[in-house]
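In the block that follows, a single chain appears as structure tokens, in the form predicted alone.
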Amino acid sequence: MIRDTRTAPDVNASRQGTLPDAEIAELLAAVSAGEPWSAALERLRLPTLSRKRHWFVNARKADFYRSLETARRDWALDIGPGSAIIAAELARDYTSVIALEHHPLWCRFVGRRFAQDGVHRAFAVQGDAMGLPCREGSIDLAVLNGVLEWIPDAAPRLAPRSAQLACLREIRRALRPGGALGIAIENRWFFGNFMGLSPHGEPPFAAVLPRRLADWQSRRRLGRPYRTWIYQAHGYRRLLAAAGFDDVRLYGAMPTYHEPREALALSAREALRPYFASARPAKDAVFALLGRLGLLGQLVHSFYISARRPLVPSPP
């Protein structure tokens, strides 16, 4: 079904998203020496990883993906598995789960976590989202949880949207006809972005500025291009349609996909309203008005998205 792309670790590999390589190496060393990963996480002084304990243990992060219907439950693919909690939970439902990780050290950690936790139906494979180690039409469910915005970094010669399209088309190739794709990602139109919040360490307002202006601002302030592109609801629908997916559905990941409680329809005014409560009367009045207009769903922090590979091939 897959080819094993695991290799010897490259100590010069790039950092894993926002996780420092030094912290990854220190945690892996402790786990490789036999210490339980949870104990090592508590004992070691890891400024970034120690703040992410919920990231390792919050099983609700997998609920949305486990809810997606698939005709078969043989193979699931979690691309960029993070702490591997989602892949571990998917192993309750699927015969085999591939946790595809590009970073060699983190891939080794994921494999050791599975072994320590007794997760026998999930395994770590080092590989690249731009060239999946899967036969065409072999995967029932694919997951991109907080990954799609980082894909342009894996293909620096491509424009950000082109890189994301290439990745999505590769996933579509790997999915069975009718197979499901689940995505969690930030919303470009999140109200906080209009107040200067930075989703991925970009300069303030970069997410909502025109792309060229955001790129100029990032190069000027940070010395690097702006490539962590996110979109509003309509933008994600267009992106997935361009990649060849159908049955695209968006939900609000509430309050965020990082620590989710529920997935809500973007049109669910009454259910969404409590998540926009504010102690400031003027701000609360604005949210109340937006709720009456049915616009709160467009301003959520992040989305859960589901899409499918069409059952019938698209005409050439």
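Since this is a predicted model, take the numbers as computed values, not measurements. In case it trips you up, residue 1 is the first one in the sequence shown, and so on.
The same protein also has a form predicted in complex with a small molecule, omitted here; what follows describes it.
Visitor: Would you kindly say which of Gly111, Pro199, Gly80, Pro133 lies with a heavy atom within 4.5 Å of the small molecule in the predicted bound form?
Guide: If I apply the 4.5 Å criterion carefully, the residue I get is Gly80.
Visitor: Based on heavy atom distances of at most 4.5 Å to the small molecule in the predicted bound form, which listed stretch, 205 to 213, 120 to 128, 225 to 233, 173 to 181, is the contact stretch?
Guide: One stretch meets the cut-off, namely 120 to 128.
Visitor: Even though the partner isn't displayed, in the predicted bound form is Asn145 close enough to the small molecule, meaning a heavy atom within 4.5 Å?
Guide: Contact check for Asn145: yes, within 4.5 Å of the small molecule in the predicted bound form.
Visitor: Contact with the small molecule in the predicted bound form for Trp150, defined as at least one heavy atom pair within 4.5 Å: yes or no?
Guide: Because a heavy atom of Trp150 falls inside 4.5 Å of the small molecule in the predicted bound form, the answer is yes.
Visitor: Can Ala154 be called a contact residue for the small molecule in the predicted bound form at 4.5 Å between heavy atoms?
Guide: So Ala154 counts as contacting the small molecule.
Visitor: Heavy atoms within 4.5 Å of the small molecule in the predicted bound form: does Ile139 have any?
Guide: No, Ile139 sits far enough from the small molecule in the predicted bound form that none of its heavy atoms falls within 4.5 Å.
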